[in-house]
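So this first bit is one chain, no partners, the form predicted alone, shown in structure tokens.
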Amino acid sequence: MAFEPREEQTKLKYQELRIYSDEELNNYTEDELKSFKVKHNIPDLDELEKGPWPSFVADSKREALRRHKLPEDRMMIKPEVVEDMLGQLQLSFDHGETHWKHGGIVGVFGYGGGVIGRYSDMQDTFPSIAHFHTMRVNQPASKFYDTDYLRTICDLWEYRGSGMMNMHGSTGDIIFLGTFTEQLEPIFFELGHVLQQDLGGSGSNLRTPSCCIGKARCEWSCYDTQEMCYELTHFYQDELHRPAFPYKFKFKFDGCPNGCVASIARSDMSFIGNWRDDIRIDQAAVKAYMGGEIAPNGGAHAGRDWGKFDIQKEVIDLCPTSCMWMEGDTLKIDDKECTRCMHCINVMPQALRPGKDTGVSLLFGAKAPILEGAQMSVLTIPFMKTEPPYDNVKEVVEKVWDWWMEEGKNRERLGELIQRYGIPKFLEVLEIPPMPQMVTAPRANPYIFWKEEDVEGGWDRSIDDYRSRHAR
């Protein structure tokens, strides 16, 4: 059954909502762009335009020229905003320090997140960026858009902001870069009442949940990432918009262990699609790969001649647990040793598929290097079945949050709290038993330490009792 949102969705029609005409949006020629000079001297930024890669400086100059040629009454903030931004950035390069400052809390009425206040400390030199607030807009699940929506939000930001956007930041949101305080409420009203769009998370709260493309387009997705992302986003609206946590908290939803949104590296709570039965094998397709009738890797490496496909070299020998082998022309897999790395499935997608008994694995504690360095999330619940409304998932979430809010220090991510208290304490909070898989390196740095009450007979042992059972 296809995923459907809870409320009726309005179909946006750009021709009814547009602010600018085609002539206004295409109001310069390429020759004018080549001769255009921003009003500040920016030699270091000019260097960033050189080379083969796309440059944000080149895009910024296009936006600066467009704004330069629009009448002032067609924009709610000054037309020089992009030029002043580039000028201040050059000054930051010259001085070796930023010239943005945090001038206090700024936002929209009723929300504690979604707007990141930013001010220039060079307001006399760059008056059009005296305020340069960023707004985070909650992206749709899997980032599905139509062009009417994209054109409408671009027009809105051109009119009430700098026209510069980030699609998408690592947080997942649509990022509106640069506007004045007076424009925040009008933008928020337009987003909510016209576009049916909400702000995303910022600050010490639940950040905007993010998911991969899931069952919408991917045959390997083991659960409906869009539906779970949508449900938890709506269910935890207070936690998303009213900061009450020690620091930020991220949900990210990967449909399979390929991890297309990199939840294992970036989220405090990672949801990774998984299966607990056997990998499905089409032995006829295996033979077709070996015979060269089907291109490996879905044809992804077809740009050169790699030679004949070698299943031993390219699949079996690269299995991290050596759980695969050939018996004649039949592929065998010892599934109880499989760690779901997806390599074999990626190489031979027509021959191998995830199992049918699917759900999610829950991992906790990933983050970027802020206090204690970068951390990957740790596998904590290997498998959980998931069905709307995901009450079993919510129960786990709230156990974690209750502990973190009680014990977490200011600006301490969940992974750092787990590191400080240890995995045994975290497992107590979740009320789950330890597993051998939680030991990263036995005898060197085990995550699990036994308690006396868990050991038969406790710590006090009789050497005579031991010797009665073991020869000297």
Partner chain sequence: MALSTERLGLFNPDKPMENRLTDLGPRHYWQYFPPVIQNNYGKWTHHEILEPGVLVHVSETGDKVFTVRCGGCRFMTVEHVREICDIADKHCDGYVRFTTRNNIEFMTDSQDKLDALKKDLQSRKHVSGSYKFPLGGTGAGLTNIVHTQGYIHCHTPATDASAMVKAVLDDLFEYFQGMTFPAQVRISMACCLNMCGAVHCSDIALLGYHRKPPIVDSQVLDNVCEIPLVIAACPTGAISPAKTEDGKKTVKIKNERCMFCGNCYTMCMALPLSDKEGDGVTILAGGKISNRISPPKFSKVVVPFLPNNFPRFPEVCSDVKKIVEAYAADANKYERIGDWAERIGWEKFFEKCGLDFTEHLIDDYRLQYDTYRTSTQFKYTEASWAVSKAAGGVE
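Keep in mind that what you see is a predicted model, and the values were worked out from it rather than measured. Residue numbers count along the first chain shown, from 1. Here the rigid core means the biggest group of C-alpha atoms that line up within 1.5 Å when the two forms are laid on top of each other.
The next section is about a form of this same protein that is not shown, the form predicted in complex with the partner chain.
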**Prompt:** Contact between residue 230 and the partner chain in the predicted bound form at 4.5 Å, heavy atoms?
**Reply:** yes
**Asked** With the cut-off set at 4.5 Å between non-hydrogen atoms, does residue 382 touch the partner chain in the predicted bound form?
**Response** no
**Prompt:** Counting only non-hydrogen atoms and a 4.5 angstroms cut-off, does residue 271 reach the partner chain in the predicted bound form?
**Reply:** no
**Prompt:** Even though the partner chain is not shown here, does residue 343 get within 4.5 Å of it in the predicted bound form, heavy atoms only?
**Reply:** yes
**Fill in**
Checking 124, 182, 391, 329 against the partner chain in the predicted bound form, the residue with a non-hydrogen atom inside 4.5 angstroms turns out to be 182
**Fill in**
With the partner omitted here, the residue among 287, 399, 276, 242 that in the predicted bound form has a heavy atom within 4.5 Å of the partner chain is 242
**Message:** With the distance limit set at 4.5 angstroms and only heavy atoms considered, check whether 157, 196 and 301 all reach the partner chain in the predicted bound form.
**Reply:** yes
**Complete:** Within 150-170, the residues having any heavy atom within 4.5 Å of the partner chain in the predicted bound form are 150, 151, 152, 154, 155, 156, 157, 158, 159, 160, 163, 164, 165, 166, 167, 168, 169, 170
**Request:** Superpose the two forms on their rigid core, then report whether the C-alpha of residue 430 is displaced by 2 angstroms or more between this form and the one not shown.
**Result:** no
**Item:** Shift of residue 31 between this form and the one not shown at or above 2 Å (CA, core fit)
**Value:** yes
**Message:** For residue 303, does the CA position differ by 2 Å or more between this form and the one not shown when the superposition is done on the rigid core?
**Reply:** yes
